[in-house]
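Only one chain is included here, represented as structure tokens and corresponding to the form predicted alone.
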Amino acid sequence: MEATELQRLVAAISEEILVRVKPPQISDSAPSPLTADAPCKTCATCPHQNVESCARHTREVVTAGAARVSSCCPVAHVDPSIARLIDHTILKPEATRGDILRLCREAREHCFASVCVNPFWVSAVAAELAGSGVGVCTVVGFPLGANTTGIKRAEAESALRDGATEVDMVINIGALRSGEYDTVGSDIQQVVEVSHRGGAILKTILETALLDDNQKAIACALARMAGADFVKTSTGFGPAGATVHDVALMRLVVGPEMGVKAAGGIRTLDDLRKMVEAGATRIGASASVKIVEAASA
């Protein structure tokens, strides 16, 4: 597709989406229909008030439509069918081999859906999780998205050889903001091709805090056209995380077929409920220390 034709297409898509997303606007402070009118008698004094550490709360989110829930902490009192929805993640640069192996042990114990780590650790995670049924997820072009397409392809190919089954790729944010949509679309498409050829799914990270609504809509349209499996709000390393507005906009653009992951700044059950109501099918949580402390209180 010619660059000018692509620009016209994505502009038309984004214009239509922005018209549709305004009436009615979903407010970050709007009450969610998933929020009970009265406090739960069973959980009123329960320390496990976050979805990752309370089986009842997790089931509520799953019932509402979440396909997977992400966490950086161990899950307490959650049955295996719930734990299978959770991506167990550690992307901090200071993470040690001991941290990675601990994460894998927790994933095996609780039967998490996947363990998500930086590329260096993929082979270790794949070996540790062999035969467990837990997936291996890694990141590409992370966290800036400013690598060349060739480097991103090489990263994905290396990760697949090492045993990755899911690839989270940061889009070329600078090119998107420059209006170079053909570059962004090709960048995504080439990593999609590598990932799918290796049997892995591809999630595109937009870093929504750096984009305006028009750019978010265009990025989602490009990811959909390129064949990506998910769009994701944030890396967790940007200036801000997910918002209800962003998730709703992303869902409108990609439709019901693609996955939408809300990540960054989701610290309470109420936050999670709002994101699911807005259209998220995976939720990334970040309040790991508080959750662990609450679970052990």
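Numbering starts at 1 and follows the sequence shown. Please read these numbers as outputs of a predicted model, since none were measured by experiment.
As for the form predicted together with a further copy of the same chain, it is not shown, yet the points below apply to it.
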With the partner left out of view, is Gly133 within 4.5 angstroms of a further copy of the same chain in the predicted bound form by any non-hydrogen atom? no
Even though the partner isn't displayed, in the predicted bound form is His196 close enough to a further copy of the same chain, meaning a heavy atom within 4.5 Å? no
4.5 Å heavy atom contact, Leu210 and a further copy of the same chain in the predicted bound form: yes
Contact of Pro143 with a further copy of the same chain in the predicted bound form (heavy atom, 4.5 Å): yes
Select, from the options 197-205, 223-231, 177-185, 108-116, the stretch whose residues sit within 4.5 angstroms of a further copy of the same chain in the predicted bound form by heavy atom distance. 177-185
Going by heavy atoms, what in 232-257 lies within 4.5 angstroms of a further copy of the same chain in the predicted bound form? Phe237
